[in-house]
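Let us start with two forms of the same protein chain, each given on its own as structure tokens and named structure 1 and structure 2.
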Structure 1
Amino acid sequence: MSKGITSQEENYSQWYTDIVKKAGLADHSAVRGCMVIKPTGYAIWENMQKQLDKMFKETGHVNAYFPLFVPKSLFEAEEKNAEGFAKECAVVTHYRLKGDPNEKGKLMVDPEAKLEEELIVRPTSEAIIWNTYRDWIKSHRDLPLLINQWANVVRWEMRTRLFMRTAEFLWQEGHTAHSNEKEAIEETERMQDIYATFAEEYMAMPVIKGKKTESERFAGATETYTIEALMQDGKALQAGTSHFLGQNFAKAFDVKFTDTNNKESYVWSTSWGVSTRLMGGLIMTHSDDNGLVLPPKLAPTQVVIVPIPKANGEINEVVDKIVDQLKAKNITAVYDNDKKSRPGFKFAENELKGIPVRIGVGKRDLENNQVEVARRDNLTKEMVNIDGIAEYIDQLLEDIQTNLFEKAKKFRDDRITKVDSMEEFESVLESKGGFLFAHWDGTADTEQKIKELTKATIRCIPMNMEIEEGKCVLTGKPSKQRVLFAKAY
């Protein structure tokens, strides 16, 4: 079967779009820049949500829901934040349509129904949330306030890309309030850790934890913590951010609390989020020219069972037993016994969809009490005895999960290159891409110049990598530690 997927080598960007569309994950919509998340894609996102939500709740967070709209006067209260998002805001100006007198059956915006104050469709919710927190926080007993929201947000984009950059996307945004700076910074770091754990243990996507430079910070943040992943084309992906907001929003929205000494102070805060962008990261970490590759922990279907050449009573009976045994181990298995397609077609389809394990059940194999087990990650097959098949598959899914992570980690580690001159910087960037571990003099000016010269930006000042002093790769001025540069999504 020709799947019609452009190869990675030929055109990585087209390969990505082909995978997203052909595997049924998402599609473009009639609304400029907005995507439709199709059932298979949404099922993966649901699995992500379920695990993240669990991790948030285990660390004391609760969910709530705040309005989609932000009145313009609130939106502009924290000036840096407002300035940072102003150019991407969808604005509601009217609240009614009426029949168009010039065209029967058509509607027009009713000019009489103009809003007194325009409403911004939230690009992020700090403003509306901090305006609410003012009423909720009075005393130290109201703190910490640890709230998360699952929501859609809109950031108008001219150049979009399914999952990676869309005008509307789905995300979670945590917004916490604390009585002191130390606790707020601990929270910021805790959430960065949770994101890193989720990325590595569930998405099997290795990430580097670090802090953003000032120019790459979230608008309105005092410090932005990030996790950075590396895609197969050598470009970096910012996969999740956690912001220490200092007292910026508390001051903009006048949120104060009375401490144990009856003294009034501004609240300290954080915000943190991951979005459907993670779907893009997942795809570009593991998938190949045959289609999607999914880590078992996030795959909506973990095992597919295909009869060879076609289903019959005996095969059905064996498959039913296998499915039951897998279910008992909480493994999701689907029996693909559609009679209209041949096994070869099904194999290709299931490969395309990234189902981690395929079990082929043939009549002759049954005589030997065996089935054929194929792995999606490395495309190997072997014959496995039916007795104990569930234990075997259970272990295999774990092995696949580990293998995907190790493989991605090796790929990433091989692409962290120490460079000590601009010549080296540009040549490595050109030849193998990935992260360039280079000295930087700490100025926004140098950061900007390097970006102009190479299109690489500082992805982060890493937190868990060796620290050594040196000289800036561009200016030769002193540098306290190397930072990670890369071209990025």
Structure 2
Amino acid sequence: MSKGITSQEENYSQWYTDIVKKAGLADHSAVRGCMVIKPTGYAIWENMQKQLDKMFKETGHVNAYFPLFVPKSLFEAEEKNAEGFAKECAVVTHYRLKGDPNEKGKLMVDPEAKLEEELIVRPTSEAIIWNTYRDWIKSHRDLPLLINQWANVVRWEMRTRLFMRTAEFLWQEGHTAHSNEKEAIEETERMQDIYATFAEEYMAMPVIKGKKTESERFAGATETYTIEALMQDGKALQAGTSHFLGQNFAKAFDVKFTDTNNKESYVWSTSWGVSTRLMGGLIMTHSDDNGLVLPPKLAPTQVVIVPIPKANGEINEVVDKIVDQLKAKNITAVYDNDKKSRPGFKFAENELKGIPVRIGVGKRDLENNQVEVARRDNLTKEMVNIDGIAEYIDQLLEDIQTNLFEKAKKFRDDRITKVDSMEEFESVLESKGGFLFAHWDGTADTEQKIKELTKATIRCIPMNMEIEEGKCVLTGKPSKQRVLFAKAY
């Protein structure tokens, strides 16, 4: 263990908080339930943003920005959406403060500055966006409208955890409009596929694609598609969702278009998003008791070079050449030649921060034209010839990326268990955790009873599931397919 990090086995929740804070990713703020994202954490989020934004734009989406505040009347327009988020809303009622006549230096709300209409601080942006779309969409020529925004939202969470659940968080939310149902469903599925590709190819986090049950859908959605990941403590993480909204919001905000036959119809819509919760998923999928472990594709610094015992002219000259070679291959490398700290301290700090590869350069090594290369993913190291070092590191980073995914996938696959009775369900959930693949009779009552009994929820109905006759684990009623249960964040 490094730097006083609690072990996973001892206290997983504390281990997670230790990693976030000691690796310099985020900290608690003066505002209850909100976080400060520190430069290292934000650099990882920027890399996530950069790749996702590229994937969105490659599929025809463009970015825009909509207001943080939503008039209450607009928020109420789509009833299910309003009801679903009502308990989490922050509300602005006044627009000015004034000096408190009873206490010098203090401020109070000016009672004469009450807003004519209260404003909701957006928990999600469907209302303000669809009110805007009413003015933008008139004809089939205006469709499809494929817009995404990078923004912050506020959901007044009572129990918070850095990155995983905070009152304010960063995210992207896509909101698209289409001329027909088929196209909107294809968009919903496309975005689910993009999220799954990003999670697996960049985060090295294996996911299961599926649909949510009716009770777990996004408020106001006709269908919610999800990607579900498994963390190292055996709990599931909903890593991204894509919603087919049907014509619900179009009808609520009267958004219509004229088709090629000059017939007027309501548009079809989708929304989809991922948030800084992905940072939590990244940490809990790969990290260990030594600190953060980052997949190379998202690491702000992929290679750190440390002189041993300390920098000198000869070492500096060799390192400069190595750095130039690495940069030529678009590998981000940093030379840590700070003379205030010993190499051992630097090694521990680099492990804690999850830098994928460390190169140690010593005088004796140079005499043999070698450097020491250490991997963060499996904590192994070996001597490597300086000639061709850039090609070696380039391949090594690919190997680390693949290894992290395969390791996480094996962990996930080993914890998917078929169960056929409640006795087996509860036993496996308690002893092993992970995903439970079980029959369910399709009713919300049964879903709720299982949740009350075990705290496990239906994470998704997996995509492309084969028909399999069976009996519900709780009621014994007929079931035609298994669904995925788990305890979840």
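It should be emphasised that the depicted structure is a prediction, and the values quoted were computed from it without experimental measurement. The term rigid core refers to the maximal set of C-alpha atoms that superpose within 1.5 Å between the two forms. Structure 1's sequence is the ruler for residue numbers, which start at 1.
Quiz item: Of structures 1 and 2, which one represents the form predicted alone?
Solution: Looking at both copies of the chain, structure 2 is the one that matches the description.
Exercise. Once the core is aligned, please say if the CA of E466 is shifted by at least 2 angstroms between structure 1 and structure 2.
Key: For E466, whose C-alpha is compared between structure 1 and structure 2 after core superposition, the shift is 2 Å or more.
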